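Take a look at this one chain, the form predicted alone, written out in structure tokens.
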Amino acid sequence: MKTSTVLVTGATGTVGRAVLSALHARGHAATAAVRSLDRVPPEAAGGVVFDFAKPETFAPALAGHDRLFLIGPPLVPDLDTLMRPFIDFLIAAGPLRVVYLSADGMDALPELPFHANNEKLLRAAPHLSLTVLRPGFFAQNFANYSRPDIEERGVLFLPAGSGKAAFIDVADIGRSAAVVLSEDGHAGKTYTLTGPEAWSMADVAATLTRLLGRPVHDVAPNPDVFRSTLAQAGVPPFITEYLIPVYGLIARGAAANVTDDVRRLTGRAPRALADVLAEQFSPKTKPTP
């Protein structure tokens, strides 16, 4: 395996680890950018200390790398403000291949403009070879964020109405990113990454009911009910006010778009949400009490 020239931010997260795994499978070593070296994932060839909030880590982390997978931390409403110092550093640093993980549909949310702002800054730098990936909603979010509601309370409690979303397996995001990081011909392009079909939350609840052998109901709370319920549970308001417009994309029908970009990039069909849910919620994978 070659010496790493790829730096992966967000390396300990769900997407970052999927990118590292996919690069490794293609025979490309990658360096994990982490806040602490004791958290370097096993999929990485090594690690460097990096923190968006600490500009002194930027140059040492990027040294020796000419390709960058750039992703910000989740649930940060002012993500563009957090990432701006690093993007400014990239703009001044010189030639670099950058793959930026944006999100499908976020251009329809003026109240959350961070991806649009970051894309605009990156596109304006002529020496950056930029590819933008815009995935839809992650199939893994049900297990990562909604598992207690699903398994303990038998509900899906998300303000998505009756709309649909083409949920994507994070592994397909990783494989797509690995292609554009390791192959030429993707500069200046934007890819919208989705699963093979759009599902409503009612569809998801029905599948979870079958998998778990007990009812799972799609509550479909309106924003006011969602807001008050999360407030009673002690959820910080900024998280609630982030989630409402994001899931509002599904409610408005703005997340149901299905593309063929995963197949075009990777040569294989994207994995179905049903398969991800079966893996995440089968009895052998449920957490031990």
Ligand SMILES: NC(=O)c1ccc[n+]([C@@H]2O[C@H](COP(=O)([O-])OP(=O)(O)OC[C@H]3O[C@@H](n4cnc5c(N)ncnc54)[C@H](OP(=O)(O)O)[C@@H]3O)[C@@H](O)[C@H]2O)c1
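No experiment lies behind these values; they were computed from the predicted model shown. All residue numbers are counted from 1 along the displayed sequence.
Not pictured, yet referred to below: the form predicted in complex with the ligand.
Using a 4.5 angstroms threshold between heavy atoms, W199 stays clear of the ligand in the model of the complex.
Using a 4.5 angstroms threshold between heavy atoms, Y191 stays clear of the ligand in the model of the complex. In the model of the complex, none of the heavy atoms of G174 sits within 4.5 Å of a heavy atom of the ligand. F50 belongs to the set of residues with a heavy atom inside 4.5 Å of the ligand in the model of the complex.
The contact with the ligand in the model of the complex, taken as any heavy atom within 4.5 Å, belongs to H115 out of R97, H115, K164, H186. In summary, among the residues L101, A143, L158, L90, the only one with a non-hydrogen atom within 4.5 Å of the ligand in the model of the complex is L101. Stretch 129 to 137 is the answer when you ask which of 147 to 155, 212 to 220, 129 to 137, 177 to 185 has residues with heavy atoms within 4.5 Å of the ligand in the model of the complex. Of all the residues from 69 to 86, those having a non-hydrogen atom no more than 4.5 Å from the ligand in the model of the complex are I71, G72, P73, P74, L79, L82.
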